[in-house]
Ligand SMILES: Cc1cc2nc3c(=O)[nH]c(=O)nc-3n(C[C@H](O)[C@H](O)[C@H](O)COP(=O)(O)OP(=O)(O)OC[C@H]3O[C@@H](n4cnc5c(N)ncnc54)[C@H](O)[C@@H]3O)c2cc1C
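Only one chain is given next, in structure tokens, and it is the form predicted on its own.
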């Protein structure tokens, strides 16, 4: 007789959650349910491209993916702030909306959310962009004005890529735009090699984009941004402002061992795992907030849930990125490959970035090009 398949619930359908759900379902050993509040998966690494393309080009309905990979999709919002993890471990049941679901294993992959900002007229947040894309920004920018000043708050990867994409797209339409970026760190793309900052600053200068470093955004009012910089308080004008100053984990940074098992009072759970931007793993494996890291963590816990269920040894998470690339508009970029000091700039960097990002698109079509011995 065929035994009933174990039940696995995956909370969150981003890069980590979707990778986990697809791999576990594909094994044929489990009944997998993916829970997400959105109806569609957003390939967020391409979000800056929605300046010139509809956001639908970078989304796939979860129902379509569920049919393709034979898992269940349940649209629902989880109150992650009130999750009692110790109780979930004991009961093996979780409430999703009005329904209580039993599980044998739970994968928490709820990711990260944008840092909160006051929203308002002419102010666009990361949450807005994830919902609507960049079309609304372009439409408002094209409203007839003698001059339009566009400001990006945040000099990380998302802010930089949106800034260059907007600049290069709008400059084709008209020369009446001014662009500026505000970064509270003393360099752009902190955490990356210094060459990233230097090359990006050169490209900003080439385009006449003003950059405020070591400057903190305080508040926005009446098309004025109040800032706090090295020389004290100041105000700058801004007709359109993009708030892209980073993300924070949801519900919090969940601590896990090297196998991705959630640590409860310092002890690993035998039924709850975590992956993606909401998790931090012990050991030397990378814990950065990137799509590549999220995918690798998702693959790790999928493999380890399967191993644990079969009473086999689990695999340690030890992934280290072999490269990181940043787009600086069409056919320009900066990145490193193999070693951080081995930087590549210009069109070759842009081409490599596009090739790396094709991996996940292939994965969602059923072609797995990830090399597991690197993780």
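Residue numbers count along the first chain shown, from 1. Keep in mind that this is a model prediction, so the values were computed, not measured.
Missing here is the form predicted together with this ligand; even so, the following discussion is about that form.
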Proximity of residue 289 to this ligand in the predicted complex, heavy atoms at 4.5 Å: yes
4.5 Å heavy atom contact, residue 109 and this ligand in the predicted complex: yes
Can any non-hydrogen atom of residue 44 be found within 4.5 angstroms of this ligand in the predicted complex? yes
Are any of the heavy atoms in residue 342 no more than 4.5 Å from a heavy atom of this ligand in the predicted complex? no
Quick one: from 184, 250, 220, 204, grab the residue that has a heavy atom within 4.5 Å of this ligand in the predicted complex. 250
Please tell me which of 80, 72, 198, 234 lies within 4.5 Å of this ligand in the predicted complex, judged by heavy atoms. 80
Three-residue site 123, 174 and 238 fully in contact with this ligand in the predicted complex at 4.5 Å by heavy atom: no
Quick check for you: of 63 to 71, 36 to 44, 310 to 318, 329 to 337, which stretch puts a non-hydrogen atom within 4.5 Å of this ligand in the predicted complex? 36 to 44
Stretch 11 to 29 - residues with a heavy atom within 4.5 Å of this ligand in the predicted complex: 12, 13, 14, 15, 16, 17
